[in-house]
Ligand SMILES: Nc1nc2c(ncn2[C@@H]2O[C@H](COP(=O)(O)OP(=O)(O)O)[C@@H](O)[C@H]2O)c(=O)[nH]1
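As a starting point, one isolated chain is supplied in structure tokens, in the form predicted alone.
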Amino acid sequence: MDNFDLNKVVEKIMDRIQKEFKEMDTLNVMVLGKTGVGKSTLINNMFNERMADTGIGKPVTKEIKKITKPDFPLAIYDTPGIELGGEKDLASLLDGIKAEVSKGVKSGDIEQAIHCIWYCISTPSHRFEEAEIKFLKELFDRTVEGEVPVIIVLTKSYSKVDAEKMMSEIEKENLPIAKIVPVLAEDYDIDEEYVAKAYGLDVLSEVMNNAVPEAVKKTFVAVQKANLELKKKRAHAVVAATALTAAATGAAPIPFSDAALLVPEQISMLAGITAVFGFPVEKGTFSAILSSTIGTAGATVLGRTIASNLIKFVPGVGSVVGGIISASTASALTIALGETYIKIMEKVYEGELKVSDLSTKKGKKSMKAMFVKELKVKREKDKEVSE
């Protein structure tokens, strides 16, 4: 394929990524807790955007502020520190929470609903106060209409032993909560000699993913940054679904000259994976990825012929005769591209690669090697199945 075609495909991928984000339903999370429990630290380390520091906030009641950022499908409903001695203020806050939950229920709109509540307790306080028990029971009474899951987050859990003791105390109350999750949201230096390593956010992510409504699970996986496995699982599902569609298209079968019929499927796949990982990828990076894998190599997903140095890795090679793309070929190339891209995103996520590295000569060579390896893996798997 020529450069014009490649540029056109990249443009379509960028457009599709924007569409993916726009089509996501907004995830709404309400965060409660006393002053100083570390709500902001928790929020900022859970999500891809620093909502608590830089989000745009506007009051929705006297006590609750809704924090959003442009073009990011997440809203945090933040509350002032809960000072449990002031009964009048607490009653006002509970009324505000009930009003927000009821508004979502009455609207019938998933984007207006409160999808989850975090109630934060500082582990170093070593106490689960009677006033907190009373507040939580009132909270459950006020939110039962919307069936909003409540997760108790034990923040600042420097000591796992202390966190276990706190969990045990809370569990004695048999409150109707989704889960109790101890968390240390970021590394903590102790006397400059010991660093308590962050933990628990991946567990909180898993609990969240199980608790929120199905309609916003896709959004949650995209906006959270604490659990790579959740992202990989959804990304693999995107690849598997696309491979089935590509196989159906290839079952026609497709002449080399009509190979562009597969392009929309690959575009959707790459855009879907990008949305899952939730960080920006520039046009130049996609050009490098495509040209290093299936573009200039001439593979049929985007090109008109199959290069001899790639065809030997494609399962069902015997069916690729007379200029025809078979279902197995279309599926294999799609899976190889998708799995290669997931591995690239994983390396960027973990800091092993920078997005800018992908456009370099070394980066392109590495991506091509990954693509060929994925084709080999697919071939071996298909051999095992057929034997």
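One rule holds for the numbers: they count along the sequence shown, beginning at 1. This is a predicted model, so every value here is computed, not measured.
If you look for the form predicted in complex with this ligand, you will not find it shown, but the lines that follow are about it.
Although the partner is absent from this view, residue 111 stays clear of this ligand in the model of the complex, with no non-hydrogen atom inside 4.5 angstroms. Looking at residue 65, you'd find every heavy atom of it more than 4.5 angstroms from this ligand in the model of the complex.
Not displayed here, this ligand is approached by residue 41 to within 4.5 Å at the level of heavy atoms in the model of the complex.
Proximity of residue 29 to this ligand in the model of the complex falls outside the 4.5 Å heavy atom cutoff. The contact residue chosen from 37, 335, 342, 51 relative to this ligand in the model of the complex is 37, the criterion being a non-hydrogen atom within 4.5 angstroms. Of the candidates 76, 139, 281, 184, 184 is the one whose heavy atoms come within 4.5 Å of this ligand in the model of the complex; the others do not.
Heavy atoms within 4.5 Å of this ligand in the model of the complex are found in exactly one of 214-222, 185-193, 159-167, 95-103, that being 185-193.
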